[in-house]
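Next up is one chain by itself, shown in structure tokens, the form predicted on its own.
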Amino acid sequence: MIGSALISGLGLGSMYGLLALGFYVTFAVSSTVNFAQGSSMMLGAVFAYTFSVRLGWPFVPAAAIALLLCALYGLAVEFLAVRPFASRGSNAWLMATVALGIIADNTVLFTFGKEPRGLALPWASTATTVLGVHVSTLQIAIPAVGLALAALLHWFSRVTRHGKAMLAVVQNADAARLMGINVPLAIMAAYAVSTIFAGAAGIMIAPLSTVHSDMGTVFGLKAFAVAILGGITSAWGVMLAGLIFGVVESLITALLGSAYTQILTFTLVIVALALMPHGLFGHAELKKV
């Protein structure tokens, strides 16, 4: 039972980590976050289901188009709900991104329907045995993809010229402009990448769960808690915090029952942040006076 909980916890934690990486990307570039991340996750799953099941497309191109549409949704979030307020120094983008997420959820509710649907993938049902525990191919693929994306994001932001340029925007936007960096484009790219991560999480979790209009609501809330817990300034931190959160959640469910899952996991989050206010892997911001 514990072995199964660990395996499922790693897969679940990878989903939280991918969503939390989206929070990290936008915060690292613009000091803003997309509170419509849960909706982005839902859209990835809904688009993939629509293209692969309803239209009968092969899964790979269906998933690719779904991620492209998620990126366009991210651009819309930045343009409609973030830029008009952040450019004026207002924090109203907080509520605006929440509102846009609610609009997306309810639009899907009216068009896609409220009945949960299953996204079955033949290759995902194949299983192997790891330490005496039957593990599906998808349960192995999810943590692998999550860690690979975290590594790719870390490499891109720390090594490549464009990645360093994006990180320079949040440090000093005016200096970044003088250096020839297109600040609005960098922020738009961050939001597109953010929603791609969320969409990828939705596509991968869909075969293990069901696809419906509000599937991303709780995931988005937990992912934000994971981002804060990991230290939202660290890509590896939020990914590792997601894995820890997922494993702890699965162990609590397996050992004590689902009735205690939300109570104990969020209690542990509060205790951890009380002891480490900057998260498990974050650091205090230095302010010059």
Partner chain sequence: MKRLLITLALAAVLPAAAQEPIKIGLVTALSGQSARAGEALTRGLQVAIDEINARGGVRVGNQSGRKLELVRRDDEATLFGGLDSPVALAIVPIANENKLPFMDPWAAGTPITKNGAKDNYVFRVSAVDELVDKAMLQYAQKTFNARNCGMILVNNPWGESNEKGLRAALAEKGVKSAGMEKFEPNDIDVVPQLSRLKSAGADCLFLVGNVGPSSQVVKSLDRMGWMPPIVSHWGPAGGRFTELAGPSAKNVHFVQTYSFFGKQSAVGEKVLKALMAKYPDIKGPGDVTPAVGVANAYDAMMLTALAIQNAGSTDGPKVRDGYYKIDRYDGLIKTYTKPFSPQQHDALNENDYVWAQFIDNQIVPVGVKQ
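Positions refer to the first chain, counted from 1. Predicted model only: the values in this text are computed from it and were never measured.
This next part talks about the form predicted together with its partner chain, which is not shown.
Contacting member of Met215, Leu153, Ala189, Ile196, with respect to its partner chain in the model of the complex [4.5 Å, heavy atom] = Of the candidates Met215, Leu153, Ala189, Ile196, Met215 is the one lying within 4.5 Å of its partner chain in the model of the complex.
query = Should Ala254 be classed as touching its partner chain in the model of the complex when contacts are defined as heavy atoms within 4.5 Å?
reply = Ala254: contacts its partner chain in the model of the complex.
ask   = So in the model of the complex, does any heavy atom of Thr50 sit within 4.5 Å of its partner chain?
value = Output for Thr50 is no: heavy atoms all beyond 4.5 Å of its partner chain.
ask   = So in the model of the complex, does any heavy atom of Ile205 sit within 4.5 Å of its partner chain?
value = Output for Ile205 is yes: heavy atoms within 4.5 Å of its partner chain.
Partner contact for Val135 in the model of the complex: its partner chain, 4.5 angstroms, heavy atom = Yes, Val135 lies within 4.5 Å of its partner chain in the model of the complex.
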